[in-house]
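In structure tokens, the next block holds one chain alone, the form predicted on its own.
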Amino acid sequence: MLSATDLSFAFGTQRVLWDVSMDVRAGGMVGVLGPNGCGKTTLLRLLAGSLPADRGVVSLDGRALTSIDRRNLARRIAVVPQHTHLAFDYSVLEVALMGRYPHLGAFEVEGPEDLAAAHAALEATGTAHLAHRAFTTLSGGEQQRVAIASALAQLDVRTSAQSHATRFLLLDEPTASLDLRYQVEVAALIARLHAEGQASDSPLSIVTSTHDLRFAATVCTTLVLLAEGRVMAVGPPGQVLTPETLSTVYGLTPSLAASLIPAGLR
């Protein structure tokens, strides 16, 4: 289990998160919701161990992330940013192979095992046919799927490579900059990866920040609703997505907030 306990964080004098606690259980699908600037991206970075908390602790299976070797931690937790910017014109396969860095020693180059993991990740995300295309020539939806493939190669979720330890995939607003078609495709991919992970001995837990209430309601098992850096509600979608909480967090009238709740939860 990946847990955050009483996390607080500030950039200089600007406080971003206050006393945030949450759990991501094995095989869980957690959605982090809230207005722009509420701390969603910062929370994901703290959960991944890429930012040190000012106060509180993030733990993996009961161990503080700060006590876990960075290479071993990267084999368990992978982050997909909202945008992927590359310094050079890499191919899709090369981008997928970038995820293999925690499995390589110093100055070690990728071998057959790394290529197999990268190809498996591209297959899992429906991008294997793009392997030799330049990443920069892809559509936004294709780029996002390749970025997810790189994270899957990092976690190595192949059946033959399972260590029976839960892997955690953290996605920062994966559909935010995509048009409607690609939003649907990427959301469906995330749901499928999660469902397939539940059938394995090494469950894939997913945490995704999102503004898409329909996606959050239909795919996520747990929602964390943030406002001004604080947890306003946490629990199943039906308990979190209520007119009262949405009107409070987003500054909406109760009637408008009620209209935004997906039909299955009204």
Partner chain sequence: MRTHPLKRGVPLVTISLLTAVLAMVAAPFVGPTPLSMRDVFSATQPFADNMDAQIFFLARLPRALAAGLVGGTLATAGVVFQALLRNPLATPYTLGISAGASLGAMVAITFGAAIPLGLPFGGVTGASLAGAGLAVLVVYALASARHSGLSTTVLLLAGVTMNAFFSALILFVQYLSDFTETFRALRWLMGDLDVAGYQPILAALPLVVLALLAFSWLARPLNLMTLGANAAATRGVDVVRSQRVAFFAGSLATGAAVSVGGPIGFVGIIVPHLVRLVVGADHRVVLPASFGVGATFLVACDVLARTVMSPLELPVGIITALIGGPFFLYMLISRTRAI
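Everything quoted here is computed from the prediction, not taken from an experiment. Positions refer to the first chain, counted from 1.
Below, we turn to the form predicted together with its partner chain, even though it does not appear here.
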property: Non-hydrogen atom contact Thr175 with its partner chain in the model of the complex at 4.5 angstroms; result: no
property: Leu171: touches its partner chain in the model of the complex, heavy atom cutoff 4.5 angstroms; result: no
property: Interface membership of Thr125, its partner chain in the model of the complex, 4.5 Å heavy atom rule; result: no
property: Non-hydrogen atom contact Thr137 with its partner chain in the model of the complex at 4.5 angstroms; result: no
property: Segment that reaches its partner chain in the model of the complex - one of 190-198, 177-185, 74-82, 137-145, heavy atoms within 4.5 Å; result: 74-82
property: Sole residue of Gln239, Ser50, Thr218, Ser59 within 4.5 Å of its partner chain in the model of the complex, by heavy atom; result: Ser50
property: Residues of stretch 81-119 in contact with its partner chain in the model of the complex (4.5 Å, non-hydrogen atom); result: Thr84, His85, Leu86, Ala87, Phe88, Asp89, Tyr90, Leu93, Glu94, Leu97, Met98, Gly99, Arg100, Tyr101, Pro102, Leu104, Gly105, Ala106, Phe107, Glu108, Val109, Glu110, Leu115, Ala116, His119
